[in-house]
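In the structure tokens that follow, the same protein chain appears in two forms, which are kept apart as structure 1 and structure 2.
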Structure 1
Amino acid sequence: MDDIDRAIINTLQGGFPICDQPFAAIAEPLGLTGTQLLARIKRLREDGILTRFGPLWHAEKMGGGLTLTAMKVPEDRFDEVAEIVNSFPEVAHNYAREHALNMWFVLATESPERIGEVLAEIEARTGLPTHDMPKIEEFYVGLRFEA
């Protein structure tokens, strides 16, 4: 990654133009042509720096369900339970964390009702309780990272 890559990452985490040739429109301030910018973005994606180039959705405004769920998983069953949990396409991400509640995942579903169904299925298949913690109030959703 060089300085131009870092500038691309730092300036393009939002505000991407919605016009017929958006890459050309933003390339110039970066000192690039549209074609050069596209090539760099493709390389960053191939290198795994980007998950994707596109929208970050607002789950609730789309009519979907969103929640954070925690489970207390016995160490010797951790991989098995992770495999079950991750097999649900509604699980957007899943992290092991240092706490008695040691598995934390985000569920994003097409409808709010589906949250309860997925949690019930996870509990049935793992035999373990889930602790559902949907947000009550949102203070900040930045999730931007400086390269």
Structure 2
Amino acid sequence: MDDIDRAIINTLQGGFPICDQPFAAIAEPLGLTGTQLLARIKRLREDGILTRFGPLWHAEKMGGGLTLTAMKVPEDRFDEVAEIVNSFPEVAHNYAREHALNMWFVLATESPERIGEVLAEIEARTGLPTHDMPKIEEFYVGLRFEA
């Protein structure tokens, strides 16, 4: 990841312009064209530096549900279980952790009731229990890379 990649990631976290050519608008201050910006985003995704590129919806404000979930996954099944969990469109983020509960993921659902349904489906497909940890208070933590 070079300084331009860091600047792209920092810029994209600050919002996305609503205009006819949003990628060109983002690219110009970075000294890039819209095509170059898109190529870099694609490469960052392919290299696994970015795992996702897209909007984050505030599910609760839209009438949906949002929760953090953890699982204790045997190491020899971690990739298999991650693939199952990630197959659900409601899974927004999935992280490996060095902890007894070694897989953590966020669910964003169309309705609050759907959280329980998705967790039950994940448990049925993996044979492992899920630990639902609903949000009590929301905090915003930004991520910035030094150039």
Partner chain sequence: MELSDLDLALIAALADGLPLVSHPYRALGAGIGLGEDEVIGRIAAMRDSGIIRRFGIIVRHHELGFRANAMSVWDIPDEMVSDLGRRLGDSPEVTLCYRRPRRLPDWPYNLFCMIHGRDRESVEALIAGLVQRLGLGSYAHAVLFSTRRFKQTGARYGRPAKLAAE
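Numbering for residues begins at 1 and runs along the sequence of structure 1. Under this definition, the rigid core comprises the largest set of C-alpha atoms superposing within 1.5 Å between the forms. Everything numeric here is computed off the predicted structure, so don't read it as measured data.
Peer 1: Pick the form predicted on its own out of these two and give me its number.
Peer 2: Comparing the pair, one sees that structure 2 is the form predicted on its own and the remaining one is not.
Peer 1: Using a rigid core alignment, state whether the CA of Leu128 is displaced by 2 Å or more between the two structures.
Peer 2: No: Leu128 shifts by under 2 Å between the two structures.
Peer 1: For Asn86, decide whether the Cα shift between the two structures is 2 Å or greater, given a superposition on the rigid core.
Peer 2: No, its C-alpha moves less than 2 Å.
Peer 1: Could you tell me whether the Cα atom of Pro112 shifts by at least 2 Å between the two structures after core superposition?
Peer 2: After core superposition, the C-alpha of Pro112 moves less than 2 Å between the two structures.
Peer 1: Given the rigid core as reference frame, how large is the C-alpha shift of Gly15 between the two structures? Answer in angstrom.
Peer 2: Gly15 is displaced by 7.2 Å at its C-alpha.
Peer 1: Relative to the superposed core, report the C-alpha shift of Glu28 between the two structures in angstrom.
Peer 2: So the C-alpha of Glu28 has moved 11.0 Å between the two structures.
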